[in-house]
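Okay, so we've got the same protein chain twice, two forms, each given alone as structure tokens, structure 1 and structure 2.
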Structure 1
């Protein structure tokens, strides 16, 4: 056989071999198809990004029901509200406010209504330093007693900041937190009357694309 013939022979053999392999692969003669396993859908509850509580400011901007904040629908204007205590010196919550459960700190350290509300103007909040705050300014009230947490919140380490990291972007430099840069108020996450953050179910772990037992660790040892 001369060189030319030999080359042609090898090419023909190779072509036939590859054609056979292609046929074998397309008919899937070797191996089994990977099992397709059904991925459970993500619980849509876990995808929600809004906070679990709506502050007074949120209620105003969404034009929601504000009856609970209409203090003078029931109270007499100009009259000082007096707190009632039982014989064990525990604050008595009247039936009209039975939806309020006081539990601010361990041993009810901060349950006195007028540590926060103004006793002669119920529509105002009253921090220690004598400022008169509106309901939508409640974060400053919290900050008047929780200095370190407030400082962390301002720096973005406590609570939640959404939008641009770069504060020179739209809205951020106006100082009113308009636009895409938004900080959540303390009362979006903490109930002012019982601020302990309620425990929550953690989100499930990620789904593996393969069978459940085929974790990266088991794959490493078995292959």
Structure 2
């Protein structure tokens, strides 16, 4: 009998305790947790993987509009082109090409169309060694002057290579890769008339999984 009374007493006490806890939680007597701040979303521009420019070769492969490269739609074919300069020997850009900004180097000596374009055949490029190159071979034209950079590009140390990373020497010798890859042309990143690469907004650092509160320790380690 005593055991039954003791059991009933314990159950009553537990019931009252749980009821009091439930009331305390419902009345929020223990205080509210610190508000969780909404993490800012990453700018979608930083998530894009395509290059900021498209080369002529890319346009051809995607069957894009190529009217802008049809020089002889306006120029007379077979007629040698002549450049005009002002009294300060600065190249005069025709109104038809007013969108072109000449800035190839800081000294201005490269601001000459026919350093790269063939004045006798506007559909060709002409490197310093006398070869005739097509527009889609523009990287070879760049390499004719920028030799060290071109060698770095060939080795994959300059520019950007897209595709699969796992490419062993044995697989490369056989032409057997784990997946396709592509070396971007110089003009995918550099405007050939003004090659200086434009600045870009850096991507933000990663967010913490849990909200980080400012403490003396975190302030010292956050720099």
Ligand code: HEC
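We call the rigid core whatever largest set of C-alpha positions still superposes within 1.5 Å between the two forms. Residue numbers count along the first chain shown, from 1. Note that this is a predicted model, so its numbers are computed, not measured.
Give me a 1 or a 2 for the form predicted together with the named molecule. That would be structure 1.
Look at residue 42 and decide if its Cα position differs by 2 Å or more between structures 1 and 2 after superposing on the rigid core. Yes, shifts by 2 Å or more.
Rigid core superposed: how many angstrom does the CA of residue 10 shift between structures 1 and 2? Its C-alpha position differs by 18.4 Å.
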